[in-house]
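Here's a solo chain for you in structure tokens, the form predicted alone.
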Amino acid sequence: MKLEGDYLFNGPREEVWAMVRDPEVLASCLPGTQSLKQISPNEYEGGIYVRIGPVSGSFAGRLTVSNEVPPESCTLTVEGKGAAGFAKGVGNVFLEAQAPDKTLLKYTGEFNIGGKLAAIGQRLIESVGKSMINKGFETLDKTLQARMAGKTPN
């Protein structure tokens, strides 16, 4: 299954990059996140609760960040499993400065699912996935705005 999209952040690219690489910020922005712990500079372990149609459950997994070109791009590899099934995916994230205070994030990725989740249907899974991603970006943008408002000019 493929996912792709974009989101326009109200802040400079370097600030968006810093937030995307901050596990505490990510944990607070990803819907359903129960935990997220950095286990090495580029690896995280955590848990998330997901509800897609009639199937719901907690998933434990690992996120690996690779191919980093700060503050421009990176590759994210995710693996998770729970009682409702499993998911594996790889995605690429690109940050493009649009103006001094705007950053366009573009993402593309592919993922595979199995177990009870696979029986739900691709369209519903894609819809819920995009909704979760957009909610996460909206929350991340609000956090970015709060951080920017708190910064004092030099």
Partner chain sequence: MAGKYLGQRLKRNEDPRLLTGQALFVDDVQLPGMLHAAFLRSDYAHAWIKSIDPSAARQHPGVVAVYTAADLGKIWKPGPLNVPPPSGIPGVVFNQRTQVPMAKDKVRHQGEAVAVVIAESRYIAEDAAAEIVVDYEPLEAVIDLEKALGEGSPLLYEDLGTNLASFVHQENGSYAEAAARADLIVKTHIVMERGTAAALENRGYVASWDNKSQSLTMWATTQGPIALRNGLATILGLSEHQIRVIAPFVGGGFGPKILLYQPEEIVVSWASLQLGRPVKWIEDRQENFGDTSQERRQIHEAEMALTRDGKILGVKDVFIHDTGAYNSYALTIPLNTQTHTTGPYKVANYLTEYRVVFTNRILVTPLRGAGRTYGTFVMERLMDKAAKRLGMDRTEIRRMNMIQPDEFPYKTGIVGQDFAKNVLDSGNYPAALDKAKEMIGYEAFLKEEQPRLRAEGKHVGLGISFFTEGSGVGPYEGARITVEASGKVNLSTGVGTQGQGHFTSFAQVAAEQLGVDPKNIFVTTGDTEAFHWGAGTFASRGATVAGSAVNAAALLVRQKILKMASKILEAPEEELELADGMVRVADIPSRCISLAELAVKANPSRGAVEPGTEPGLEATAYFGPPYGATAYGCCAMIVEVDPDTFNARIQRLVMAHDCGTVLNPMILEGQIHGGVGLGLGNSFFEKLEMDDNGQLQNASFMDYLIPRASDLPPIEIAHLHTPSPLNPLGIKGVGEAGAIPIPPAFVQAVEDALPEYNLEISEAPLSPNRLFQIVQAAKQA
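If you're wondering where the values come from, they're calculated on a predicted model, not measured in any experiment. Positions refer to the first chain, counted from 1.
Although it is not shown, the form predicted in complex with its partner chain is what the next lines describe.
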### Summary
Exactly one listed stretch (36-44, 95-103, 81-89, 22-30) reaches within 4.5 angstroms of its partner chain in the model of the complex by non-hydrogen atoms, and it is 81-89
### Query
If you check in the model of the complex, is P70 within 4.5 Å of its partner chain, heavy atoms only?
no
### Query
Quick one: does I113 come within 4.5 Å of its partner chain in the model of the complex, counting heavy atoms only?
yes
### Message
So in the model of the complex, is its partner chain close enough to A119 to count as touching (4.5 Å, heavy atoms)?
### Response
yes
